[in-house]
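Shown here is one chain on its own, the form predicted alone, set out as structure tokens.
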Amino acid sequence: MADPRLDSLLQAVPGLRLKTDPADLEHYGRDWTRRWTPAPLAVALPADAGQVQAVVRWAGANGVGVVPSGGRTGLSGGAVAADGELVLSMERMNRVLGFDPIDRTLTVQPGIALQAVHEAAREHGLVYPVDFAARGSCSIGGNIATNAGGIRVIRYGNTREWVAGLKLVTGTGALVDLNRGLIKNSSGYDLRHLAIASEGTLGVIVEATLRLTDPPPPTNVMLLALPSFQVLMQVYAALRERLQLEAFEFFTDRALHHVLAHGAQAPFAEIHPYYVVTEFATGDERQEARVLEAFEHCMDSGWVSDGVISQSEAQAAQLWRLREGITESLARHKPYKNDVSVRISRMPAFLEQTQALLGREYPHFDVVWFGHIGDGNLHINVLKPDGLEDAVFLTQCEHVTRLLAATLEEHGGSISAEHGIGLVKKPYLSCTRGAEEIALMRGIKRVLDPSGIMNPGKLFDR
């Protein structure tokens, strides 16, 4: 262990597990972005909140930045350690700590995977309703740190709505207990909500109390083929009016192309330009009749060209794979990603303007669109052409992102809907947040992290 600071860290935190092997430093020093070369000082794997406190206090005393690390499935560089920081991996803190059947809450450590939270809730006949494709690898601490959304936001909302309480180790090493699982609490500022979506810049989440709810009613899945981009919102409005929607997801023919190449089954004999996969409550003849009524209305209106309704759980899973498999199918292309949102009422105008912008600026690039249209969230993936240098590709994409950020500002939108700001979106924060608001955010960070050690350089520069 060459760096003498690590000897002092082990002395300050007896029993702390450290990794310093180059392969480990590379693995833990990055997230799903591949733009920065990992260069952490070391990887610390604490076993409990007390060790987290001791590590943070050591880091403050030694001027070492701390990068909290969960599943590292982020797409904005929020978990990157490229400048000698200490990675603080939560993977050993991955247990369920308790279940309260009266409050219907599940208390967990931050390193537990989202899928494990789902399974723990089901053991008690309840559900934790936040869900997305990376459920098997993302951690609940990372979900909270970015206020993750996912595929069921239109029914259940974002992660924020399901966090009843948090324990946070601040940048001073203090352990604070935020909201304590209360439903009603009007005793001053709710600091829990400052920690949510803070991307580890205010402290380290060491415990979360999550609200659970009843399982949803029986559902069915429908895949629709759309003839044009312009009818997307009409289809959404028609289904929302007639059905109890659980999810409403959109993707393009280019997205389908890549998922099919990755092993999925083609849903229709013909290729259509746009698709929607939607899940909705069903279970009785009246509801089933409304599904057919909604489908026929969309067909008669010319908004839908074809469609299929799942007849089994296996078929429903196949239809969902067409949407959930997109990110994995694109990974080998090292896509440049935009994750944006606007109010649903502004979505038609924003989509029209953005489609024209991307068509004009990316005439020869493969651009893959998909998103949670029902909550105003759109994902734009630009694939690097073979033979184009990475630096040239990145320069072009960032030029277009600046134009896209200006469009978002015009429509009152956000440059980051659910992936966070991290390093990737930092230059565009001012398009979403005003100068006074950013100044307040900096001031809050100075209070909770006076030494500036918590995930330094993320969200904004100190």
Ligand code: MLT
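Residue numbers run from 1 along the displayed sequence. Just so it is clear, the model here is predicted, and its values are computed rather than measured.
There is another form of this protein, the form predicted together with the named molecule, and it is not shown here; the text below is about that form.
The chain is drawn here without the named molecule; in the predicted complex, the stretch among 61 to 69, 417 to 425, 391 to 399, 39 to 47 whose residues come within 4.5 Å of it by any heavy atom is 417 to 425. With the partner removed from view, the residue among S89, T201, N381, S76 that has a non-hydrogen atom within 4.5 Å of the named molecule in the predicted complex turns out to be N381.
T327 is the sole member of T327, T209, S341, T159 with a non-hydrogen atom within 4.5 Å of the named molecule in the predicted complex. Within 4.5 Å of some heavy atom of the named molecule in the predicted complex lies at least one heavy atom of F370. Under a 4.5 angstroms non-hydrogen atom cutoff, the named molecule in the predicted complex has R323 among its neighbouring residues. The named molecule in the predicted complex comes within 4.5 Å of a heavy atom belonging to K337.
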